[in-house]
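As a starting point, one isolated chain is supplied in structure tokens, in the form predicted alone.
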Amino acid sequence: MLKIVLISGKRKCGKDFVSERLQRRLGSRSRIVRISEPIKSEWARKLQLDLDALLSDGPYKEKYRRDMIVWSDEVRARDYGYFCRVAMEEALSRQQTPYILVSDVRRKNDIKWFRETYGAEKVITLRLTSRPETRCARGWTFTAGIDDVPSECDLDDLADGFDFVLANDEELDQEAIDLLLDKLQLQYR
């Protein structure tokens, strides 16, 4: 049975890191899906940008982040599930896996789309948190127009609305990842 884990959190809280650690433990039984990939692909095509650099975690992406957010908000205003749908179509067109890890859920409408499309019983929400000083140590600096807009803040008032919340301030060892997999009820053995 398909299970979809929606992973959310602020910038530099470790969404990609945790997603990759979970996938490594789950192996071929899982796939990471990034809603940002179709956003970045379309943005790169539209402006003739370097897609690989845009997909990385470096300064190139940061140079275009604010404009990408504005543009993707315009697309979402017309069709709130557009980028979720495109990301999942690409993922499901490949080899089927029982677990999908969506590593970059940022909005209530993302969660709504997944629950409406796949059923609430197949969707698990995981919120990652990190102290500001931890995020700063990972390279985060508050940026107006990025850290104070819906792409970063829309899920802030859902504190009790997540199935699981994980503080990601310390190094997560294999035991912590296995414990998380058990809580998420994802079989990894």
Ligand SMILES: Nc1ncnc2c1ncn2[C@@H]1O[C@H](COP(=O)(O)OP(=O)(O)OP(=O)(O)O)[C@@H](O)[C@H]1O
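Since we're looking at a predicted model, the values are computed, not measured. Start at 1 and count along the sequence shown; that's the residue number.
From this point on, the text means the form predicted together with this ligand, which you will not see here.
- Between this ligand and the residues Arg31, Lys61, Arg66, Lys122, the one pair within 4.5 Å by heavy atoms in the model of the complex involves Lys61.
- This chain appears without its partner; in the model of the complex, the one residue of Asp163, Asp148, Asp57, Asp157 with a heavy atom within 4.5 Å of this ligand is Asp57.
- Contact check for Cys13: a heavy atom falls within 4.5 Å of this ligand in the model of the complex.
- With a 4.5 Å cutoff on heavy atoms, Glu170 counts as touching this ligand in the model of the complex.
- This ligand is not drawn, but in the model of the complex it has a heavy atom within 4.5 Å of Arg106.
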